[in-house]
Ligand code: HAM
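Starting off, we have a lone chain in the form predicted alone, written out as structure tokens.
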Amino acid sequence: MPKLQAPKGTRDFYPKDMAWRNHIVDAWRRVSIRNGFDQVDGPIFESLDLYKVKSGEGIVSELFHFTDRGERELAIRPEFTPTLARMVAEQANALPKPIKWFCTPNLCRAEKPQRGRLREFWQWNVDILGSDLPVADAECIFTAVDLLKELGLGPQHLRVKISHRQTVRHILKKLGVVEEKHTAAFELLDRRDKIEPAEFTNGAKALGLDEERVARFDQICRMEFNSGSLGVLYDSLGIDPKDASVADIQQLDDQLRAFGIAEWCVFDLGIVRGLAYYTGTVFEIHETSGAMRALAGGGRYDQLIELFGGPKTPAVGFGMGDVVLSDVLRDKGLVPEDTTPRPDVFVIASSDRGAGAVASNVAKLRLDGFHARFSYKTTRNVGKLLKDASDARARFVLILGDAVGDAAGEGQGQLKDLAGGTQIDIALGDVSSKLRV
């Protein structure tokens, strides 16, 4: 029989790998809840039509899809936004506004695996629906930054690059790109850092730009402006300050400063997000060296809920995958040596009588709410058993000898603090109280 392996682009999660994934997902959940978001989820597969509605027929080649026994065309979810839109559209009138939801689904995409991108991955989605105020955009960005800070990252590591689709449309019109080619222009801008300069130039020429305007297009899409300098940005582009997109970005900039995260943010007109459903503000989080693909991305999608049969519902949100996030944390030396759960206490026996009391005392400690482990070894060599406890990273070791009682928690033992090295005699009935200190 040939050797069986995990499918290409997927991962096996052994205990340490699973502990790391839980470390990331737990941080996503913790940060979401403290920022006022409620957790949701949906089915791991949906009707194939759900994805066609949002992205068109071309999306089919990017999905793992199948026909079930009832001849229904289904697809394993490649993203959560269509499910979110369907859920909101179904109960839009009953849901209190604004809707603040988050989820941490596993997703699958039928694409070529590469650094930062796998076929199966976990993603953090954060969305606010029902508010068209720039404070909602800012709160989404703040939540992402809050997570990055929680994991030890700072503005020296990452930048939130922000733009506005309508501003970019305005620039394209000034350059002479007809509206019918704006989608192609957005797709070109979205790929600007993934293609060779010559391919970018040829793509710009295909938009109808001459050599001078290609150079201007390239210059504009690489311009960055710090928070507080938007006036310079619009003056340099000759854009009317009364334009609606100017007001949107200016108000967003004000809110970013109010949230205290302006140092994390820059305005970059080359950020457009290739997906057609974005309508206004868009943003991506990039590693400052530019060595990796975007860590997260999102923006305004004010017309998507209507597309799924719901009422007009302004919305903003972002997604962050676990693969690039883990790569960044590893590259920055911010991955803890071990994230596996740490036992509160490891119970060992130094005598045959103590060995007979291990199971009952372990059970009592677990029922008292402690993470308690024990050794399956039959040896009474305390040194070897202490090594097992140390390898498990236990905080304490409870040593049972001849002084144990006949019932759990009766008699005497020794409690050793593995970090401090101290060891005390203790009544077994007092162990739980001591562990809680």
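Numbering starts at 1 and runs along the sequence shown. What you see is a predicted model, and the numbers here were worked out from it, not measured in a lab.
Keep in mind the form predicted together with histidyl-adenosine monophosphate is missing from the figure; the text below concerns it.
Engineer: Looking in the model of the complex, any heavy atom of Glu111 within 4.5 Å of histidyl-adenosine monophosphate?
Structural biologist: Glu111: yes, in contact with histidyl-adenosine monophosphate in the model of the complex.
Engineer: Is there a heavy atom of Lys181 lying 4.5 Å or less from a heavy atom of histidyl-adenosine monophosphate in the model of the complex?
Structural biologist: Result no; Lys181 lies far from histidyl-adenosine monophosphate in the model of the complex.
Engineer: Does Phe318 make contact with histidyl-adenosine monophosphate in the model of the complex, using a 4.5 Å heavy atom cut-off?
Structural biologist: Because a heavy atom of Phe318 falls inside 4.5 Å of histidyl-adenosine monophosphate in the model of the complex, the answer is yes.
Engineer: Tell me, yes or no, whether Glu139 is in contact with histidyl-adenosine monophosphate in the model of the complex, where a contact means a heavy atom of each within 4.5 Å.
Structural biologist: Although histidyl-adenosine monophosphate is absent here, Glu139 would stay clear of it in the model of the complex, with no heavy atoms inside 4.5 Å.
Engineer: Ile348, Leu367 and Gln412 - do all three of these have some heavy atom no more than 4.5 Å from histidyl-adenosine monophosphate in the model of the complex?
Structural biologist: Not a single residue of the candidate spot has a heavy atom within 4.5 Å of histidyl-adenosine monophosphate in the model of the complex.
Engineer: Can you check 331-339, 221-229, 125-133, 248-256 and let me know which stretch has heavy atoms within 4.5 Å of histidyl-adenosine monophosphate in the model of the complex?
Structural biologist: Comparing against histidyl-adenosine monophosphate in the model of the complex, the contact stretch is 125-133.
Engineer: Exactly one of Leu175, Val323, Leu147, Ile76 has a non-hydrogen atom within 4.5 Å of histidyl-adenosine monophosphate in the model of the complex; which residue is it?
Structural biologist: That would be Val323.
Engineer: Please identify the residue among Thr201, Thr81, Ser360, Gln166 with any heavy atom within 4.5 Å of histidyl-adenosine monophosphate in the model of the complex.
Structural biologist: Filtering the options by heavy-atom distance leaves Thr81.
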